[in-house]
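The chain below stands alone and is given in structure tokens; this is the form predicted on its own.
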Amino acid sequence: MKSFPTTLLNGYRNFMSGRYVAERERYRVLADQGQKPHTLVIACCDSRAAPETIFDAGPGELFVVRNVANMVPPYEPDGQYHSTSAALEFAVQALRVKDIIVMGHGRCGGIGAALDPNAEPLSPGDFIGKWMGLVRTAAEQIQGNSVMTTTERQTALERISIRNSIANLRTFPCVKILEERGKIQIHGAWFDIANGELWVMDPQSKDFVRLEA
């Protein structure tokens, strides 16, 4: 297995001799009976902000969807390929999750790119540029705010993006109906990588409030 990353092989061996040993029975039950996670977390691909690590979750507890900048597109049943929408549909309709969390984080590269008027496409397809178009209007408004610092503009759009994704979540009929019936709760959260702080969005005011560790 020379071509496989050594660090991952070592990590797997540590997993098998450590966590798997401690939770072997739980894995067997999950294999036999299937998964029943209680929460869907829509998070960023960023390697520094893994939900399972942040929430100290065990196997089978979280159904995690990760994409660039933890965004949810609007409901568009147009016959095209929609990875995030497909995962959302499965979590809500098949797994019957009780909570949905849209979790952003500080220093998000996708949000930074959306705020950079000189950002160049990384490839001819410009997949990231098109994807970040979901927050283009908000980004353009924040770009022109000279009173805010670069860091303030970044944090502002990271949090606005979370609110935007929550609004898009509610365009999905299955989510809207279940939320209205009290079967699902929707939450927003923002994680600060630098100091480990978790900020949770107040459902009424929409402000982000830091949780006490």
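For every residue, the number given is its place in the sequence shown, counted from 1. Since this is a predicted model, take the numbers as computed values, not measurements.
Although it is not shown, the form predicted in complex with another copy of the chain is what the next lines describe.
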I166 versus another copy of the chain, in the predicted complex: is there a non-hydrogen atom within 4.5 Å? no
Proximity of I160 to another copy of the chain in the predicted complex, heavy atoms at 4.5 Å: yes
With a 4.5 Å heavy atom cut-off, would you call K183 a contact of another copy of the chain in the predicted complex? no
Please check if A87 has a heavy atom lying within 4.5 Å of any heavy atom of another copy of the chain in the predicted complex. yes
For the stretch 75-109, return the residues whose heavy atoms include at least one within 4.5 Å of another copy of the chain in the predicted complex, in the order they occur. Y75, E76, P77, D78, G79, Q80, Y81, H82, S83, T84, S85, A86, A87, E89, F90, Q93, A94, D99, I101, R107, G109
